[in-house]
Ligand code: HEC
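Only one chain is given next, in structure tokens, and it is the form predicted alone.
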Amino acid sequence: MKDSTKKIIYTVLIGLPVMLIVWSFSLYFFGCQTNNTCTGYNDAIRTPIPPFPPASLPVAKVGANAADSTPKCKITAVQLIGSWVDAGYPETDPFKFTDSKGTACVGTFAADIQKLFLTPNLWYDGAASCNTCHNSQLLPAYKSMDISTYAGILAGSNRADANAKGNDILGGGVWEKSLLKGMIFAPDGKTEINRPAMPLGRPATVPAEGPLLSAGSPEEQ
């Protein structure tokens, strides 16, 4: 009886570890097969992920670089206004001009001319905008002149009231004869008509024809 009990005990003690080893090996073999990855499937049947194609679009611009990317022409303020006047000073139609590199360009009053009278610090650092002194409040406005709007510019200077027409400042469409040209063309800070150069307080370091600007766009051929 004792011998039978011992055999059973020995059988259990020896057989149980063997069964565990066989069972573990079976799991490993049938699960991992021979690829040693233990993923349960063979690499040969994996579906590869195709690489992303290289980006072909331009890098998006942000901040200040997100502004209009249309090529601009380069021209001085006095030359730009002069081209507009010589073209008959149109309000909505585009006008042509030639920039500093000889490129044929086009501009408009709203986009290119009006801002020259409304933007501070444009003619020189610290410059007040022209409409600071010349605006629709004609009685206190210097020379009773309003250059803040197209209609005001055409109405001229020394106006009696808002409905009156004053003295032409655009030379009748001839820039070289215009009072406006005489006031803003200033070699060494001095005008050729012996009046203060505009904008008021303009230093002699500002070029005679004013600052070089980005304006208009190249004319389509």
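Since this is a predicted model, take the numbers as computed values, not measurements. In case it trips you up, residue 1 is the first one in the sequence shown, and so on.
Not pictured, yet referred to below: the form predicted in complex with this ligand.
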Partner-contacting position among A128, A104, A151, A110 - heavy atom within 4.5 Å of this ligand in the model of the complex: A128
Candidate spot C133, K143 and R195, all three touching this ligand in the model of the complex (heavy atom, 4.5 Å): yes
Contact test in the model of the complex: V85 vs this ligand, heavy atoms, 4.5 Å: no
Contact label in the model of the complex: L80 to this ligand, heavy atom within 4.5 Å: no
Partner proximity in the model of the complex: I169 to this ligand, non-hydrogen atom cutoff 4.5 Å: yes
Close approach of L180 to this ligand in the model of the complex, 4.5 Å, heavy atom: yes
Contact set, 152-172 vs this ligand in the model of the complex - heavy atom within 4.5 angstroms: S157, N158, I169
